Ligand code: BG6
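Form predicted on its own, single chain, as structure tokens, below.
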């Protein structure tokens, strides 16, 4: 009698996994979210779609209200109509469900105001009192989101404190709570970051501050810790004995577009390295935290950033490259060079690409180079961490085979196609080589994709981060010492570049993988940059 076939295994959806382990759904505390800059680009494109998604997923409490504040002269109905229109155009959402909007729309309110005028904060206070009146006093929680340019951070936080809208907390258990969300960039340099930290810590407790970097809300970024510390097969290899080098790439195909004024002031190091790439470096290199609470995780990230070997002028000149994109073709269309973009000086020396070699001076990573690169108008939009393992100590398969061997590489893809792949060598089928006492080998890859396993279950980054703020979970947010530790890595490079402007800025053609000097940089150590679209 033939045995029945084994039951077909079907991947469980995340909601099924949660139910199977008895996990409770996270629902935010009752609160009023005050968005300062509610009619701006960030609010329209990211915050409002994230709130819609939280409402759609049943993660907003009934006792939730949103008060938008901005210079535009909306009333409540006008603000709601603007938000509804923007949701319909959002690339964060597939469609807007009328039933969901019927629940969310009435929770949206608006007041016009000037962020520099104390009277505006009295108006905000009066409206908050009105909105919070139905809730018990200990549930009148407030979340202030600064969706505004960094130039007005200081005056806003001072007014929030002086007006009594957001007094300093006595600790994380205080009720009702007051929380303040600050968008990047956190300063323009180490000195300005320290000044901003000094100001906000004078006005608020650290537990009230949520410095947001949307990269940390991406599912794959969060999964780095799970991948490393929940799988016994990888953690023993995650060190200098097994790993030859690490590459961290954040590549964009877009140019500066309409952000030329900002980008001329920032450049690629301030725009990408000080925040996104330093966070990926910290998560890749950190030690296991004692527990998964916010302080334990952030303690270990800070240790990594503090272990980065500081570079003097000679080391910076040898280990960091900069370049600008020139005209080229991307996606089958011609694009202009950086200096021809709107609001860019014709002789600009602002880099749009940088690559660097860093070392972590600690027990785990001593001698392992970390190569970081990021740029605009590159060949492909991709963010990934690639860990390349050392070559086998001895190869017995013949000289011809040796040339074909590719290094074992573990790749964690953050965007656009989130997943993890591992390449290794296998024997190629066939008897011809065996008769000659040779074995033909070829590289293959095991490839895991989140979309294939879980469908479209990955929430947008801002949905995750907003929910965490409402819950008071700061794990995915940067602490004051973490911000300063990241600036300590980047600041000396910026100072060196300011003191030594290039006689002729190196360029790279739009649609390529960067300048020649970047390839020479990694080749000095006997390696080469990965080309993601060929893997």
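Residue numbers count along the first chain shown, from 1. Quantities reported herein were computed from a predicted structural model and do not represent experimental measurements.
What comes next is about the form predicted in complex with the named molecule, which does not appear here.
Q: At 4.5 Å between heavy atoms, only one of the stretches 447-455, 362-370, 166-174, 271-279 reaches the named molecule in the predicted bound form; which one is it?
A: Within 4.5 Å of the partner lies stretch 271-279.
Q: Looking at the partner-bound form in the predicted bound form, is residue 240 within 4.5 Å of the named molecule by any heavy atom?
A: Residue 240: no contact with the named molecule in the predicted bound form.
Q: Could you tell me if residue 227 has a non-hydrogen atom within 4.5 Å of the named molecule in the predicted bound form?
A: Outside the cut-off, so no.
Q: For residue 415, is any heavy atom within 4.5 Å of the named molecule in the predicted bound form, or not?
A: Close contact exists here: in the predicted bound form, residue 415 approaches the named molecule to within 4.5 Å, heavy atoms only.
Q: Can residue 389 be called a contact residue for the named molecule in the predicted bound form at 4.5 Å between heavy atoms?
A: Contact with the named molecule, no.
Q: Name the single residue among 303, 329, 259, 188 that comes within 4.5 Å of the named molecule in the predicted bound form, judging by heavy atoms.
A: Looking at 303, 329, 259, 188 one by one, just 259 meets the 4.5 Å heavy-atom criterion.
Q: Exactly one of 381, 103, 309, 84 has a non-hydrogen atom within 4.5 Å of the named molecule in the predicted bound form; which residue is it?
A: Checking each option against the named molecule in the predicted bound form, the one that comes within 4.5 Å is 381.
Q: At 4.5 Å, heavy atom to heavy atom, what parts of 172-191 sit next to the named molecule in the predicted bound form? List them in sequence order, or say none.
A: The stretch touches the partner through 184 alone.
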